[in-house]
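First, one chain by itself in structure tokens, the form predicted on its own.
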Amino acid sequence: MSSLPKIASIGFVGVGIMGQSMAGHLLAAGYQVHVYNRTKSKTDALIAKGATWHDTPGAVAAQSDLIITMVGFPSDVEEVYFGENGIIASAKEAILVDMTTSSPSLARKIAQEAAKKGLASIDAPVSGGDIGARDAKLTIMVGGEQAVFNHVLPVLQKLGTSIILQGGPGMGQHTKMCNQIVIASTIMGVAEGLSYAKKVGLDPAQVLQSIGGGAASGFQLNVLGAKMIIGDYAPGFYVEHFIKDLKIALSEAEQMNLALPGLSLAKSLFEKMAAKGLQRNGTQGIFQIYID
């Protein structure tokens, strides 16, 4: 597009665990916020703070200078962008920002179709879970054009603290795959270390005190490991969504003939969780596979 719109109104499609906080930060920053969610009741708190409800993603897009999507699966992304009453068909002069973790190829498709309509777009998946969203300290990995990134950056800075343009369309999603690959083996290692501690008769909380400040330290150990120890499996990030991410990463790796055995094993363990009906647990719930 020849010029980028001044951003006064922001559409937010998908206000789940993370989207609630993210949209709330934008409201607090003084933007007009338009919202859509499949379950309308999840938008009640935002509407009470001043957000405006719309019945379709397209209706949100028609009223917004910038549209953020934060939905569950690539099929949901397809639906909100390309379905009946979708974003691409309804957006006027606007910038599209998909913050869902989705496939790089779908990010490129959105960019291509947006460009045909004179719309700008970036893919901007995030890491940090519910805590990062709540504290506006998300890591945001961006794919798209430099000019669009620069224009949108002040909005993204209301949501996160580490915001880096990684390359063209789809490269934000590729970066998120790197993130998920590292998490997959790390969270598995945390569960194995703590299950070892429990089996040998150590106090896992005391073990965490020792190893949490050493070379093994990090969010997966210190935050999610602590939750494992007390049996807190409430989701900051759903297992079913993590499985989706791992499948995307494995598919991309297979296309490049890249073997990732740790990722493959982690995927099988999380699928074992899902088979036990635990797919709505947080990822720290993998501990249950080791201690059951």
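Start at 1 with the first residue shown and count on from there. The term rigid core refers to the most C-alpha atoms you can superpose between the two forms while keeping them within 1.5 Å. Note that this is a predicted model, so its numbers are computed, not measured.
Keep in mind that the form predicted in complex with another copy of the chain is not shown, yet the notes after this line are about it.
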Quiz prompt | Complete contact of M171, Q220 and A253 with another copy of the chain in the predicted bound form (any heavy atom, 4.5 Å) | solution = yes
Quiz item: Heavy atom within 4.5 Å of another copy of the chain in the predicted bound form: which of L265, A226, A59, A45?
Solution: L265
Exercise. Scan N150, Q112, Q209, S75 and let me know which has any heavy atom within 4.5 Å of another copy of the chain in the predicted bound form.
Key: Q209
Quiz item: Closest heavy atom of I230 to another copy of the chain in the predicted bound form, within 4.5 Å or not?
Solution: no
Exercise. Verify the contact flag for L260: yes if a non-hydrogen atom of it lies within 4.5 Å of a non-hydrogen atom of another copy of the chain in the predicted bound form, no if not.
Key: yes
Self-check item: Distance check, K116 to another copy of the chain in the predicted bound form, heavy atom within 4.5 Å
Solution: no
Self-check item: Contact of N179 with another copy of the chain in the predicted bound form (heavy atom, 4.5 Å)
Solution: yes
Quiz item: in the predicted bound form, which of 75-83, 212-220, 90-98, 153-161 comes within 4.5 Å of another copy of the chain (heavy atoms)?
Solution: 212-220
Self-check item: Within 4.5 Å of another copy of the chain in the predicted bound form: residues from 131-158 (heavy atom criterion)
Solution: T139, M141
Quiz item: V200: with the rigid core matched between this form and the one not shown, does its Cα shift 2 Å or more?
Solution: yes
Practice problem: Establish whether a shift of 2 Å or more occurs at the C-alpha of I229 between this form and the one not shown, with the two forms superposed on the rigid core. | Solution: yes
